[in-house]
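As structure tokens, one chain now follows by itself in the form predicted on its own.
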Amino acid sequence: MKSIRLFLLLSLLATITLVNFVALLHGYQSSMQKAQSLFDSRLESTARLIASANSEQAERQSIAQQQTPYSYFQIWDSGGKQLLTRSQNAPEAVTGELAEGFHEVNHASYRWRNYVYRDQHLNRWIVVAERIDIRYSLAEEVVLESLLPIVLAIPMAALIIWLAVGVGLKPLRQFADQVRHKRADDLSPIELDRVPAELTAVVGNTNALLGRLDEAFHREQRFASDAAHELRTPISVLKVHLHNLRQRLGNEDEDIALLRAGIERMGHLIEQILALYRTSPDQAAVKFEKVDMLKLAQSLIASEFVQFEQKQQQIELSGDNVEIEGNRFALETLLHNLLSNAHKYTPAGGQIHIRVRPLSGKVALTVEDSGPGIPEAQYERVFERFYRLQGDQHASGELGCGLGLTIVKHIADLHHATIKLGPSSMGQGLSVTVLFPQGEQS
């Protein structure tokens, strides 16, 4: 069923048409019978009138035609042997039998309805006849003219039904519009001015579901906050103890170096998991605002510039000041992960280039590096959680947990953006382009 409104319209119209057809059929039959009865009454009255008007007629003569060619009359003597008077179009012979009442006879290639009247005063017979086909034509014309407005009323009824059903379905449209236009962070109850009985259960259950989701999201947010605190604190304690051990055993101790690498990896993994949770598209607690991507990139590069300088990497930013609707924290996390990957996998003295520009009605953020790049066959897999090219034994020796690009993908989905991977224009390395819609996001 594509449309409830169309279904109701067609169903009601079909019902009205069927009922009207049966009513019209019955009305046609009864009206035709009534019309024939009226014609017979007129025929009988005509016979009595002719009898009165020709009370002195005794000789056989033809009276000039004063009726239509579709009717005639005759006056016969009491024995039915002598034709006393007739209309010009009437036959000279008796048609049918001279028996009082109505009869159907044939004359001049037509079927006629005649009425035979016995004039008791002058002892004679009066015969009056009308063509049956003309009687039916006249009756049908009158009946059809009375039925035509009913037929023409069906289109008007369709329009009224269409409007009435539209008004009746207005609460349902309002309900659908509110659900469709809800932002990702809007779990407030749906409110309608007047909730019909048919929608009461739907609206109530939907609001109850939204309430449960809101409570669940708040619980998860509290859990994430508590988990961040509980997980970061032991890591900080381990780092303090590690620092003390390094002071006692020296920086060159191999076990200390391995322990330090493990703690750094654990801290990085915790931060990435928490970032993944906070930026997942199914989390509703996001606030969208206008964000200038070029300014955001400038700010982030400035805050991370020391790391690039330590590896003597040349970083370049170019583009235009373009704004998108997005969550600032999520966009910072996306850009931070892209820059972090470019920094980690670009060798010392390498190049990193960030561009922000409008492109075909969208905003394109591109990060290119001169690192080893990613084989094209691995473009799809690198977005999987915990998947890392070459595993933990990456040739760069950099720490990683395989969540960086997964987080980038989640944030892109959150902003209805698309990601394209490709070779860098620097001859080697990777190019990551994120295409953001320039319109308002919901």
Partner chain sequence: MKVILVCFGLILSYLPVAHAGPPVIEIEIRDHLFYPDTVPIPADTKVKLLVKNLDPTAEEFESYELNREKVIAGNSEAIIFIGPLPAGEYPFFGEFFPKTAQGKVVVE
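Numbering follows the first chain given and starts at 1. Small disclaimer: the values here were computed from a predicted structure and weren't measured.
Below, we refer to the form predicted in complex with its partner chain, which is not included among the displayed structures.
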Ser360 versus its partner chain, in the predicted bound form: is there a non-hydrogen atom within 4.5 Å? no
4.5 Å heavy atom contact, Arg111 and its partner chain in the predicted bound form: yes
State yes or no: in the predicted bound form, is some non-hydrogen atom of Asn106 no more than 4.5 angstroms from a non-hydrogen atom of its partner chain? yes
Distance check, Val165 to its partner chain in the predicted bound form, heavy atom within 4.5 Å: no
In the predicted bound form, which of the listed residues (Tyr136, Phe217, Phe329, Phe308) lies with a heavy atom within 4.5 Å of its partner chain? Tyr136
Which of Leu122, Val142, Ile256, Ile132 has a heavy atom within 4.5 Å of its partner chain in the predicted bound form? Ile132
Work out which of the listed stretches, 167-175, 238-246, 363-371, 98-106, brings a heavy atom within 4.5 angstroms of its partner chain in the predicted bound form. 98-106
